[in-house]
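Read on for two forms of one protein chain; each stands alone as structure tokens, with the labels structure 1 and structure 2.
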Structure 1
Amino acid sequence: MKSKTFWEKNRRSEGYLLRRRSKEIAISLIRGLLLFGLCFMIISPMISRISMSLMEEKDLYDSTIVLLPRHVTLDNFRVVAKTTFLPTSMLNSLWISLLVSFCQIIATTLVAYGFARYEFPLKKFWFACVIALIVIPPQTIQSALYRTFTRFDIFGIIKLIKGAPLNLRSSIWPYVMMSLTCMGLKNGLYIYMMRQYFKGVPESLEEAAYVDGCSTLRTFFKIMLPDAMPVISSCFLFGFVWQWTDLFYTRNFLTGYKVYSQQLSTVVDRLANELASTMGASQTIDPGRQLQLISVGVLICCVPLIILYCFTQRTLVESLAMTGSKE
């Protein structure tokens, strides 16, 4: 009956209904194929790494094995955990990532609110500097950062008191200072995201709070921050994830800490040195074995992030939807 009704309507519309339905089906198929391709591109490397991590070394060179290992083992995880000092490096990565992300959010939230609500001299210039933080890679200022923090001084005061500048490398202080001054990892992006949100909030909310006797800071903390928590949470999550996998700043400033990303980057060399010390001769690790150890380390690194995403995906999606609607 529905088919007859459809064809009758299509006949009366001179074929328009059939063309529209065909167009909708074609768009749905194309969308489905694109989503499948994107999901495959994302999931396929993870599946291959999981498969490789469960193989014994002899399975790596067996051409008959494509995906499923013939000999399943968990020794690869034990080797990587021992070589990367897993409990210590994971705990160090956790508290450093939390501390840095928290400092970044404090600074970038205040700066973003200032850009969104207040007028001050050279405002456009300073915002252009914020955009430059997003565009310019941090490697361009590597030498400047090295000179600044190996001979750290504040207008000559530290040298006057102690007789020489401070060497802050191999400590957490460069990270904290850069985060609190909005020069940390991806801070320009967080300022931009929160500025766009604050600009979309009606000014009448703040004006009503001022009429009721609220000060500027109280209005910010009581009115603006509660509504902005989804966006702030997303920026905090981005900061945590990027800090968790960061290698550039870690190599420059955190050489005195066992951080997992740094330990993973040198896992092959340290394993070769360990084998050489036990066997009494220089040892080389086959390329296939190297790739296998790196795959295991990457999987271990991704597990906390996947768990974090599972608990925070609702907040992340909500913040993106709110930001889009505000703009």
Structure 2
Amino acid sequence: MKSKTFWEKNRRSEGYLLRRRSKEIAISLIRGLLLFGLCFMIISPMISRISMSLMEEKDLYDSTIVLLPRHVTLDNFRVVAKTTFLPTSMLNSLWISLLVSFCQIIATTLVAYGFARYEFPLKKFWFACVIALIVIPPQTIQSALYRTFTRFDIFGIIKLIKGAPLNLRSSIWPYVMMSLTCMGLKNGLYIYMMRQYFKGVPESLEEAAYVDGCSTLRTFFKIMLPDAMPVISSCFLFGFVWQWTDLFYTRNFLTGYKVYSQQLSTVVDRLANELASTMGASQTIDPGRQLQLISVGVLICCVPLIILYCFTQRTLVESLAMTGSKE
């Protein structure tokens, strides 16, 4: 019935309808193929990691096995968990990431609000500094920061009191200080994003609050913050995720803590050392086995993030799309 009407309509429109319909179908087919291919490419390493992590070692070298392991085992997880000091390192990662991203978000929100709403001398200069913060790779100042924090001092005050500058290198304080002053990982980007958002909020909202006698801070907390929650939370999420997987700051400032990302980056070497010390020097780990252990480690690292992402992806994507459009 329906097809008949379609052909009927088609005849009346002198073939235009058919042409349009076939074009639509062709486009959606090509689009589907392209998207399927790309999506598959993104997901496939994850799938192969999962299957690899469940295999026994002999399955790795069996060329008839592609994805489904023949001998399922959870032993790999046990080995990796033991070498990366799992419960401790994961908990450390968790509280450090939470603390750091919380500090960063407080600081960057305040700064972004200041940039979006207030006029003050040298504003352009300071904003250029924010851009510089995004552009300058932290590797450039790595060695200098290292030096700053091994001999930490505020204008010589600490030296006056204690007699010598503090060595803060293995404690968490340097990083907390940097986070509280917007110098953490990619903080320039957060400032930029949130400023973009705050600029889009109509100024009359605050003016109304001022007229009714609301103080500056109260206006900020009662009127601006609740509206900005999606952006703030997505920045918080970014901060958390990037901190969770970060290696640069971890390696430089958090050497005193067992953090998961740091453990993960050296898992194979340490396992090899351990084997060498217990079984004799000749013992080494096969290449395939090494790769398997790494993928188990990566999997352990990713799973919490993926779960988190599944719950929050909507706010994340939408709020980002929102901030960008107000260029």
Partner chain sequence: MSKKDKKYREHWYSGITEAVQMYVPGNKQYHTIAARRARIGTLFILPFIIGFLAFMARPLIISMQMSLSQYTILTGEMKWNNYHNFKYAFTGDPDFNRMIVDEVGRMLINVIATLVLSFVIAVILNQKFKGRILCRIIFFLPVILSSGVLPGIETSSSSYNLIVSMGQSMEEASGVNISAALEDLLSVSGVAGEVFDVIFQMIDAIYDIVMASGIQIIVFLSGLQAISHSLYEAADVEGCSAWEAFWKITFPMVSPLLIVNCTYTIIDFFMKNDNQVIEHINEVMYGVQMDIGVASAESWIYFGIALVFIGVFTLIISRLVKFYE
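By convention here, residues take numbers in order along the sequence of structure 1, the first being 1. Only a predicted model underlies this, so the values are computations on that prediction, with no experimental measurement involved. Heads up, when I say rigid core I mean the largest set of C-alphas that superpose within 1.5 Å between the two forms.
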* **Structure corresponding to the form predicted in complex with the partner chain** => 2
* Does I65 show a Cα shift reaching 2 Å between structures 1 and 2 after rigid-core superposition? -> yes
* Asked: S28: CA shift of at least 2 Å between structures 1 and 2 after core fit?
  -> yes
* After the core is matched up, is the C-alpha of L17 off by 2 Å or more between structures 1 and 2? -> yes
